[in-house]
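Take a look at the structure tokens below, where one protein chain is shown in two forms, each on its own, as structure 1 and structure 2.
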Structure 1
Amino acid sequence: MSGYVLAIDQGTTSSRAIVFDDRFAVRGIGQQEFDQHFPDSGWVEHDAEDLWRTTVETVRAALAAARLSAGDIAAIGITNQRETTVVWDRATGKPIHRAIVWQDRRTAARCAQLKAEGHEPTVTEKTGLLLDPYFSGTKLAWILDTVPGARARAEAGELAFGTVDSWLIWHLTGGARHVTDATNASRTLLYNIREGCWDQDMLRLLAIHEAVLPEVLDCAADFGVTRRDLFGAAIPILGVAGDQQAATVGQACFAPGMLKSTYGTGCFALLNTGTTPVRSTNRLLTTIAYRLDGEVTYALEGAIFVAGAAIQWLRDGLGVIERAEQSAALAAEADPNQAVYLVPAFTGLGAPHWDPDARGALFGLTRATGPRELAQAALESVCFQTADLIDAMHADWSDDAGETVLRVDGGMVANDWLMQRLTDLLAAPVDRPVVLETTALGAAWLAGHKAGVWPDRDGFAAQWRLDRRFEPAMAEDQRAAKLLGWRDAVGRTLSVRG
């Protein structure tokens, strides 16, 4: 059987498809951006049909770029933007509302109400999550409550809910499969991560009928086969994981204590904690890293809502730069005597604060502040937020012994200035791999291994290759002063201050 595997990477701003060969090298890529919709303050939506259309077109483009046909592909792996919520009509396959994106904050009041009623400890115990509009459950409830007749139709079995993986699989298989994997299920507020099932108490709390939910499978499993008419031959779908869990797999973080952080629109750090879920006392998430052969591996996760989006804001919002790559050169020329801090709470703050009502702010501005200092502040905000997450992880997981090495991936990690500042502010090494397409690679490995054409975990991990290790070089007093200034700035930004 061919060793070629195709990964579908359906993200927040674009859909991509990548063909890997049996040496994990990229043979062809297709990518398309799609429209973002902002119908109200704090609301973010996608047209789910755009996600489907661009997925099909990018798969065809990737096959063409690789000079391969569908018959040459052993399997498809899917990775997706998590928490984004789609509800569609089972008869027509049409969505009943635009997809509500993970960044969307419209259910903040509902989450606050549930929290005030004392439900959050139970939610955290069962799901590993917090009551925040980030997650899918309250988004789903909002759609069912808002679209006329939707709740009754859902209870009658006429509607289907899914995160983006489920939406794509439904259409790829011609409506034959309504399925998801354990990692995506674990981000819905509806899935019991300890018992491995949809939780009846959570369904009652949000008034969700189980008839609307997909079947939950392992990350490497039989998710169905694609319609022959889409790509010219039927291709089995054998791997699925949410984007951050797929990156964890792609970085070969299979051992407890291994840590990765992905830098894209947002930033997400995951620490492998093994087969026992670790409950955070520092407002991190307990989540499923992956489920293979029925065995769950857990992780502690910290979510940062704005990372690369801060650089996009400099470019598109302020016009400070024309291209994202210019930020590094500007930051390198910043005045070292200015202490400018950007708290990029454009859609609230994620871990460890979880403040949906916080809003972005700049501190330390003077008449001498200019584009260089703004670029540095934007890039440093990513590093400071990562430091907050890793400090919380160290506090939560006592088994973390020895030196922490952070494996990084995502579009931002090509920025050497950013990586050096990250290692300086963490006071820990940062490893950048040769293959930066780790999210897609993780999905591809799940599918390729299930198909029997790619190696097992140990064999895959042995192929991980280091591009560059960044080592700390900043003086400790300078690091401490920077972190103190950051924490003061964040404290001034929070909507409720302790």
Structure 2
Amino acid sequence: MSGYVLAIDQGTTSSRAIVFDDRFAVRGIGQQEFDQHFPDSGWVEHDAEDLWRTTVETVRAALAAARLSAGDIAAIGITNQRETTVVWDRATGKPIHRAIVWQDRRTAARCAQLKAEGHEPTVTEKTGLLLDPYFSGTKLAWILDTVPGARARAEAGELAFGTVDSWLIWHLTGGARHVTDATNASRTLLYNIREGCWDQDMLRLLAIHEAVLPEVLDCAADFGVTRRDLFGAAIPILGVAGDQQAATVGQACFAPGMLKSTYGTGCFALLNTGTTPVRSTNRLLTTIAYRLDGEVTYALEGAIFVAGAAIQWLRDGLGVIERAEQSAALAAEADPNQAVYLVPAFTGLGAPHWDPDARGALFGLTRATGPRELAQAALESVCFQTADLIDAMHADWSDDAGETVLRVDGGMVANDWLMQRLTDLLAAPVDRPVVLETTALGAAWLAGHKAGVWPDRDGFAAQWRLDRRFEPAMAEDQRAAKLLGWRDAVGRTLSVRG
């Protein structure tokens, strides 16, 4: 059988499909953006039909670009924007409401109420998550409460809920399968990550009827086969993982202590903690990294809201650069005697601070401060935030095996100045792989391995290729002084809370 595997990467702003060959090289890509809907302040929606239509079109485009037909593809792997919530009618396959996107804050009041009632410790114990609108559970409850008749129809078994993977698989298989994988399930607020099942108490708390939920499978499993008429031949769907988990797999972070960080608009870091879930005392999330052959591997996860977005602000807000890559040359010329700090809390601060009301601030300005120092401060803010996340992770869990190595990916890691400053401020090596399509590659590996055409876990990990390792070179006293300055700046930026 061929070693070609197709990854569907259904993201927040675009849908992509990538064909990989059996040496993990990209043979063809299709990509399409779709409309974002902002019906109210803090609300973000996608038309689920757009997600489906662009997925089908990009799969066809990727096959055409690779000059292959569906019959040449051994398997499909799916990775997706996580937490985004779709409810559809089982009889017609039509959504009953637009998809509510992970960024959507409409259920903030509901979450605050549940927190005030004292539910958060139990929720965290069972799901590894926090009572935050980010996760699917309160979004699903909102749809069932808001769409007329939805609750009754849900109880009658007429409706289906899914994250985007489930929605796509339902349609790819012509309605034959209503399934998801353990990583996507672990982001719903409804799944007990310790017991590995939908949690009856969580369902009761949010008044969700079990009839709407998908079956939860391993990340590498039989998710069904595509309708023959879609691509010209039936292709088995054999791998599924949420985007950050797929990147963890694509980075081959299979051993406890391995850490990956993805630097795009925001930044997501996942630390593999092995087969025991670690409870965070630093407000990190406990989540399922992957489930293979029935065995769950857990991760601690931390998110930074503003990473590349700080560079976008330099470009679009301040106009001090025209293209993101110019930030490196500018920062390299910054005056070393100025201690300028940007705390990019444009939309509050994420882990480990979790201060939604904080707003951004610049510290240490003098008459001599200019674009160079601002570029440096923006790039350094990404490093400092990563250092805070890793400190929190190590406070929650430490691996006696030794030093931390960070595997990085995402659009920002092309910036060598940033990578060097990151390793300097972390005082730990930073590894940048050759293949930066780690999210799609992770999904492809899950499927390709299950199909028997790609190597096993160890074989795949052995073929992970380093592009460049960045090693710390900054003097320890300089690093300590910089971190002290950052902590002071963050302390002054946090909102005044009761």
Ligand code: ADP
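By rigid core we mean the largest C-alpha set that fits within 1.5 Å across both forms. Just so it is clear, the structure is predicted and the values come from calculations on it, not from any experiment. Counting starts at 1 with the first residue of structure 1 and goes up one by one along its sequence.
(message) The form predicted in complex with this ligand: is that structure 1, or is it structure 2?
(response) Here the form predicted in complex with this ligand corresponds to structure 2.
(request) Verify the C-alpha shift of Asp293 between the two structures: is it 2 Å or more after superposing the core? (result) Shift at Asp293: below 2 Å after core fit.
(message) For a quick test of reading the superposition: does Thr124 move by 2 Å or more at the CA between the two structures, rigid core aligned?
(response) For Thr124, whose C-alpha is compared between the two structures after core superposition, the shift is less than 2 Å.
(message) So that I can tell if Val490 moves, could you say whether its C-alpha shifts by at least 2 Å between the two structures after the core superposition?
(response) For Val490, whose C-alpha is compared between the two structures after core superposition, the shift is 2 Å or more.
(request) Can you read me the CA shift for Thr423 between the two structures, rigid core superposed, in Å? (result) Between its two positions, the C-alpha of Thr423 lies 2.9 Å apart after core fitting.
(message) After superposing on the rigid core, what is the C-alpha displacement of Arg367 between the two structures, in Å?
(response) On core superposition, this C-alpha lies 8.4 Å from its counterpart.
(message) Could you state, for a rigid core superposition, the Cα shift of Val320 between the two structures in Å?
(response) With the cores aligned, its C-alpha sits 6.3 Å away.
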